[in-house]
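What follows is one chain in C-alpha cells, specifically the form predicted alone.
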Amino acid sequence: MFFEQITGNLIQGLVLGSVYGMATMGLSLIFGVLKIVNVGHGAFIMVGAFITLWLFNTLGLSPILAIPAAFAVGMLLGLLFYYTTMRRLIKAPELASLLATFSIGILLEEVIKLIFGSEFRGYNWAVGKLNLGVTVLPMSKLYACIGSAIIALLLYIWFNKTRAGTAMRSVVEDSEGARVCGVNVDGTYAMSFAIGIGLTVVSGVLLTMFIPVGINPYMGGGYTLKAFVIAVLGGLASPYGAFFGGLVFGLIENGSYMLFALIPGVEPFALTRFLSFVILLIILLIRPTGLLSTK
C-alpha cells in the first residue's frame, strides 16, 4: 500500500513538475540573455491565471484556448516594460534591475486587485479523470503536462532552427561580437524579454489547469520562490535546464510531502517549503551554476 501511494505521489509530482519547469523557463531565458533576475516573476504568472479565469467565466472558453491569448498579452507586457524600463537597465548595477522588476511585480498585483478585487477565485473545468491504478489523474492536469512539454519542445526548435533563435544564442555568447556581425542586439534583447514574459504568463494558464482555485492578485509569491529554486537546480541561464529542474523539483516536493505526512505533529506542506530552501542552499554551496548546468 505504501509503495502504491508513493508511486502515485511521484507520478503526480512529475506532472506538476513539468508545469513548474515551464513556469521557470521564462525566468531562465531572461537571465540567460539579458542577465536580469526577474523578481516580479510570480506577478506575471498571476496575470496568466486571471486571463484564464476571465476567459472561462466571461466567454466560456476553455483554459486551452487561453494559452495563445496569454502568450500575446505576455509578449505585449514584455515589450512595454522592456522599452519603458528594462532597456535603460541592461548595463546598470544588478540592484537597479532587481528593484525595477520588483516594482513591476507590485504594479501588476495592484492593477489586478483594482480590476478584479482581492478575494480568492477559481473555476471548475470538468474534463474527466484518468485512472492509472496507483493514482487518479484529472485530465486537466494531464493537459497541463502535455502543454508544458509541447511549449518546451517548440522553444527548443525555435532556438536551434530559426534565424532569430540563432541571433539570440549569438548575443548570449558575445553581444559585441554579434553586433559586429550585424545582429540587432537591442531588438534581440527586446524579443528575449518579451518571449520570457510571454512564457511566464502562459505558465499561469497551465498552473490553473492544475490548481484551478486560490486565484488572487498576490498568488505569485510562492511560485517565485519555487522558480528560483528550480532555476538554480537546472542552471539559472538555461531554459531547458529549468524544465528538467522542474521535473526533479516536482518529484522531490510530492515525494517528500508524503514522507513528512508520516511524522506526527508536523505540517507536511510547511516542511516541503522548508526543504525547498534547504535544497537551494545545498546546491549553491556545492554547484552554484546549477546541478544540470553544462558550465
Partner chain sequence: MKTISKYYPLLPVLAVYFIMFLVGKNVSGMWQLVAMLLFYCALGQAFNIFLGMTGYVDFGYVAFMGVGTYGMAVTITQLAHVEGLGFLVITIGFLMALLFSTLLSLAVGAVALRLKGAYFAIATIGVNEGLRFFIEGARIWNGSEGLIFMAELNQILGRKTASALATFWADIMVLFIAMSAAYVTLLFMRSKIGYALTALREDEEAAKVMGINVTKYKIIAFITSACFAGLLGAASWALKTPYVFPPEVFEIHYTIEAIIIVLLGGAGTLLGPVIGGLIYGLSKYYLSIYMPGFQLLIFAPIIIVIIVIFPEGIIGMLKNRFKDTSLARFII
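Keep in mind that this is a model prediction, so the values were computed, not measured. Numbering follows the first chain given and starts at 1.
The form predicted in complex with the partner chain exists for this protein as well; it is not shown, and the discussion that follows is about that form.
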Quiz prompt | Single option in Ile106, Ile157, Leu80, Ile150 placed near the partner chain in the predicted bound form, where near means a heavy atom within 4.5 Å | solution = Ile106
Practice problem: Heavy atom within 4.5 Å of the partner chain in the predicted bound form: which of Phe50, Phe56, Phe31, Phe249 fits that? Just give me the one. | Solution: Phe31
Quiz prompt | Check all three, Glu4, Ile64 and Leu142, heavy atom within 4.5 Å of the partner chain in the predicted bound form | solution = no
Quiz item: Using heavy atoms and a 4.5 Å limit, would one call Glu94 a contact residue for the partner chain in the predicted bound form?
Solution: yes
Quiz item: Would Phe116 sit within 4.5 Å of the partner chain in the predicted bound form, counting heavy atoms only?
Solution: no
Quiz item: Is Ala261 close enough to touch the partner chain in the predicted bound form, meaning at least one heavy atom pair within 4.5 Å?
Solution: no
Exercise. Using a 4.5 Å heavy atom cut-off, state whether Phe228 contacts the partner chain in the predicted bound form.
Key: yes
Practice problem: Name the stretch, out of 64-72, 42-50, 238-246, 261-269, where some heavy atom lies within 4.5 Å of the partner chain in the predicted bound form. | Solution: 261-269
Quiz prompt | Residues in 74-91 close to the partner chain in the predicted bound form, defined by a heavy atom within 4.5 Å, in order | solution = Thr85, Arg88, Leu89
